[in-house]
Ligand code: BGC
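Only one chain is shown below, in structure tokens, and it's the form predicted on its own.
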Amino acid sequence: MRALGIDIGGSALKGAPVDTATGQFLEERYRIPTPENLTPAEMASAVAEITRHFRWRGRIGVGFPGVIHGSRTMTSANLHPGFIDFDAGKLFSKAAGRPVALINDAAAAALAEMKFGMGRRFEGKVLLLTLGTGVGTALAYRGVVFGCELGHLPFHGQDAEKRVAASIRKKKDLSWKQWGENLGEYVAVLERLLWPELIIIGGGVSAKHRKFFKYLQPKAKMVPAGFLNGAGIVGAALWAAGEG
């Protein structure tokens, strides 16, 4: 089975066709920067552009950074407010000319990691964090994945992602040590709540995990995502193919 996976982030859309039997990209990833928050109509045009770029006629999965109920995006913390309680799946499908399956972006990343990445064959409780513009979270147990919104957990009087997202390190010009210690404190809170046996760190910053993992002291084993920043694309494709 082949499917087109598209990952919507706070700063870009990224997409690629994926072989869902192996998790491998079939073509080089295509990226559309989004320096400003796109309206739903503008985002749909970007989804259509990725579809046209690959001349895609098959199934399409889209990972979105918010709560997903069926084809509706219920929240939009880091994107345009027009996505709140909006039928994005219907709009994206119309723009792409193909049925689009929506999934939470962190849940998509977790699907990829549990099937092909660092969670493969792990039957215990897994916590996955995607660190980017915001903080995406998902849990998995015995391979079953569900998205969470723990990036919005109250932490020092504000949403946790306002202190520990990868974007905050750059915005506030924090050292890796300062940011890593903040992240470590947040992870410790999640461990007290959830008691995961494995923690997987995804998002673009996971490629630089050696710079900050040393400042975290989790009880559980902690590893960078096997797909690094590509997990969302792979997971969205798996979702579209009905393998989630």
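A residue's number is simply how far along the shown sequence it sits, counting from 1. In this text the structure is predicted, and so the values were computed from the model without any measurement.
Absent from the display: the form predicted in complex with this ligand. The rest refers to it.
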Going by heavy atoms within 4.5 Å, which of 85 to 93, 116 to 124, 169 to 177, 147 to 155 lines up against this ligand in the predicted bound form?
147 to 155
Contact flag, residue 67 vs this ligand in the predicted bound form, heavy atom cut 4.5 Å
yes
So in the predicted bound form, is this ligand close enough to residue 78 to count as touching (4.5 Å, heavy atoms)?
yes
Contact flag, residue 111 vs this ligand in the predicted bound form, heavy atom cut 4.5 Å
no
Would residue 102 count as a contact of this ligand in the predicted bound form, using a 4.5 angstroms cut-off between non-hydrogen atoms?
no
Which residues within 124 to 138 place at least one heavy atom within 4.5 Å of this ligand in the predicted bound form?
130, 134, 135, 136
